[in-house]
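Here's a solo chain for you in structure tokens, the form predicted on its own.
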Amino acid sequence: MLQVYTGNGKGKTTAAFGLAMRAKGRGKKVGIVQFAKPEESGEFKIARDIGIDIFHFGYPGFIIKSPREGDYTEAMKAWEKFIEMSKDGYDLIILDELNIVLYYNLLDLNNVIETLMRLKNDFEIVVTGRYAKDDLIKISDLVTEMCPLKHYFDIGVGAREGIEF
């Protein structure tokens, strides 16, 4: 099946990694491709340590107004890694922050939708990130929207190591 975790609230990647741990704990083969994340995060390190295949791709820095050439290149590398992994017998593959990549048009939406439609019956696929496209939502089997009711970012508390990254 195809699951999507989206919305402006905190917890999309965290939920996906929780599912990855659950699947790994049941002996499943789990893979994660992180889009738009150029550096190893805390979750990257522990996933690798417990035997989850994880790969991160991303051009340094945030996309402020418009994508840079490196953003397109890294998105394509991540997508190609997913295609490669889709042939390797995974039970679960998480495409972390693919929604952001699609929001900025770093990959062709029609190609992504077509590929996910073709593969979602072969293994579980989870897509995370804000701004999920309507076309992705339509083909998904489960969509969860994280909705913030209150967030400490609003009072100036920034990202904290071990909590947000």
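Counting begins at 1, following the sequence as shown. Nothing here was measured: the structure is a model prediction, and the numbers come from that model.
Just so it is clear, the following notes concern the form predicted in complex with adenosine-5'-triphosphate (ATP), a form of the same protein that is not shown.
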| message | When adenosine-5'-triphosphate (ATP) is placed as it is in the model of the complex, are K10, T14 and A159 each within 4.5 Å of it, taking any non-hydrogen atom of the residue? | response | yes
| remark: The listed residue (R130, R48, K120, R68) that reaches within 4.5 Å of adenosine-5'-triphosphate (ATP) in the model of the complex by any heavy atom is R130
| request: Indicate whether adenosine-5'-triphosphate (ATP) has at least one heavy atom within 4.5 Å of a heavy atom of H151 in the model of the complex. | output: yes
| field | Residue contact check: M1 to adenosine-5'-triphosphate (ATP) in the model of the complex, 4.5 Å heavy atom | value | no
| task | Output the sequence-ordered list of residues from 95 to 109 with at least one heavy atom within 4.5 Å of adenosine-5'-triphosphate (ATP) in the model of the complex. | result | E97
